[in-house]
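Next up is one chain by itself, shown in structure tokens, the form predicted alone.
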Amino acid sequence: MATSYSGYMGKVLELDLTTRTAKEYPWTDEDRRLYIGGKIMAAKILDGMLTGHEDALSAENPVVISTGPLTGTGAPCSSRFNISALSPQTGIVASSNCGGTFGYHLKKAGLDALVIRGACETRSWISIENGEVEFHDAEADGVWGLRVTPAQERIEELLVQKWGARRAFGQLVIGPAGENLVLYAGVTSDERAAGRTGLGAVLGFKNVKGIAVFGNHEITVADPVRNAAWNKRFFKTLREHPLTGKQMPRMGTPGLVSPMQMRGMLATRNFSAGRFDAFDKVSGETLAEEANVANRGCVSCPIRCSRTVELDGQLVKGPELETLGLLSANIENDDLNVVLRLNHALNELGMDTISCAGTLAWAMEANERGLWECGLSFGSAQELEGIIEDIAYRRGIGADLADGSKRLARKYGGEEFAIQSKGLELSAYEPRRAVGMGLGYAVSNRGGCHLNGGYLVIMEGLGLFCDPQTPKAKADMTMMFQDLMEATAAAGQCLFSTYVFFPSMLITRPRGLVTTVVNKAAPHVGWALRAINKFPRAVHMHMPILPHTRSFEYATGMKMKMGDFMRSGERGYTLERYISQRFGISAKDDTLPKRLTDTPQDPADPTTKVPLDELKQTYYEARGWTPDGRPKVSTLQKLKIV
């Protein structure tokens, strides 16, 4: 279905795996205006397909792989795509965002998105060339059973044989963990992963090992001159910003380990503490000095946040902050080389490093308490590489560990120290020293996710320092940041690009007068943020702190001021919640383990716990949801969802 907007390819392809047929899925310009792309677009498609009775691991669970309109337009940090479906970890709608090249090549194939229904009868991989679909036998072709890198290499080899020449194309694959339905299996494109929420297991259930896309369609923009000029300026802004131009290129996300340690935010010993005595052995500085060989970045990204390390004579992707923290401090492992080995094993087997690490930490504590005699213990990480492989193939204790901490705790006890929300293990930020981040973990649509939770930790110590213990204004800040990040991801850009929202001087002059005033004033501006959240047209203009909106306008030709951008994010966020309530989600599910809400991190300071009940009710009010956490009809109507 053609489009009058640029940036979009104007076609969504629906694949029926059961019948091996394909047809165009109807998607109008009104849909593009309201549900701009990426995960918001995916939520709208899933809204029309999910009734509330489907299981995640079933043929009835649709998968939507979608791009943003900025992908392929030259906008910085725009080599992204999204995968959405019901999650086997949470049982509700979830999404996972990924870099790599798949999104760009999907658009070059003439497609904005794939809608995948049914399940393949036999183990398969799929190729799509300029919109034409072909199914292949993954077993006969020697693809099924391979780890992530060999699987991608084998698919490339098969395509070169078919084409008679090497061409640029994009692909995504699952590893053995997805094939064996590990509930936190991910999907990989190049060396980048859509790691969270277990969508690799969904593809594994559907017998889809991988998808390769190729095409030679042109990706157009509405105003080429202004688009190029603005993107040049946007790149310059990113390169000059202290976070995206200095800290991230120098140390990547691992650079946060040291400030997290200083603030008491570094999850340690299964979130029982916020500081790790041996943190300096596994810090971002140590990784940069002792292990990092080179920096890499996605297409069109100046930040180049990915680390490359040498392991057994091979150059491989190094750990991100979450992996580094959770496989060191959180299991009391001070051996950086062990972290590198475990990270590589998880990547090659196709598993979410966050959920696997969190599950291992729970198992260590359960073993210590005598709840489950699994043989795992804090400080003993040398044997974990074999355990991780057992998880991927569901062997021995790996069969239990493959189901994650929530299900393990239900089976053996210890729910109060299963560090998860809605079934998704928390990332490495200890929220008792950043209570707004604690709220975000609890209300996040996809479970214990720092990004979908609004990443308020950047206001609470890792950028600014706006009283991390107070609940004041945190609910309204959380909503605003969630909505802005939803829209950014849906447009097709990496969330790291939103760091420019914070003026450089607030980062470079932490003790300056302006920064001090901002930090002191922030807890008292909830009323103003509430007004903006309720009436985003009050900021119906482009704002210097959010260059994304001009990139969107110049690429697509669609009007997109900051207020429009915020409303798009709010629509997507609320729509996901609206769908998930069909599966029973309500306020009772917006929870954290009692360790984080009932036990102060510092026994002498009762504020060092997450005041979740208070924060939740303020958050529901801000969003226009009922006290039970359900979007009101008036809110759904305002957002044009119903």
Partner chain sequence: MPSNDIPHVHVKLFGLFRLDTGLHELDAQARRVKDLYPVLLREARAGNPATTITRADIDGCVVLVNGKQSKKSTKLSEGDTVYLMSPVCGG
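Numbering follows the first chain given and starts at 1. Remember, predicted model here, so these are calculated numbers, not experimental data.
The discussion below concerns the form predicted together with its partner chain, not included here.
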If you check in the predicted complex, do 243, 251 and 285 all have a non-hydrogen atom within 4.5 Å of its partner chain?
yes
Tell me, please, which stretch of 160-168, 256-264, 115-123, 381-389 lies within 4.5 angstroms of its partner chain in the predicted complex when heavy atoms are compared?
256-264
Is residue 279 part of the interface with its partner chain in the predicted complex - any heavy atom within 4.5 Å?
yes
Do residue 549 and its partner chain come within 4.5 Å of each other in the predicted complex, heavy atoms counted?
no
Give a yes or no for residue 150: in the predicted complex, does one of its heavy atoms lie within 4.5 Å of a heavy atom belonging to its partner chain?
no
Within a 4.5 Å heavy atom cut-off, is residue 373 in contact with its partner chain in the predicted complex?
no
Here the chain is shown alone; which of 562, 507, 529, 301 has a heavy atom within 4.5 Å of its partner chain in the predicted complex?
507
Counting any non-hydrogen atom inside 4.5 Å, which residue from 108, 275, 317, 450 sits next to its partner chain in the predicted complex?
275
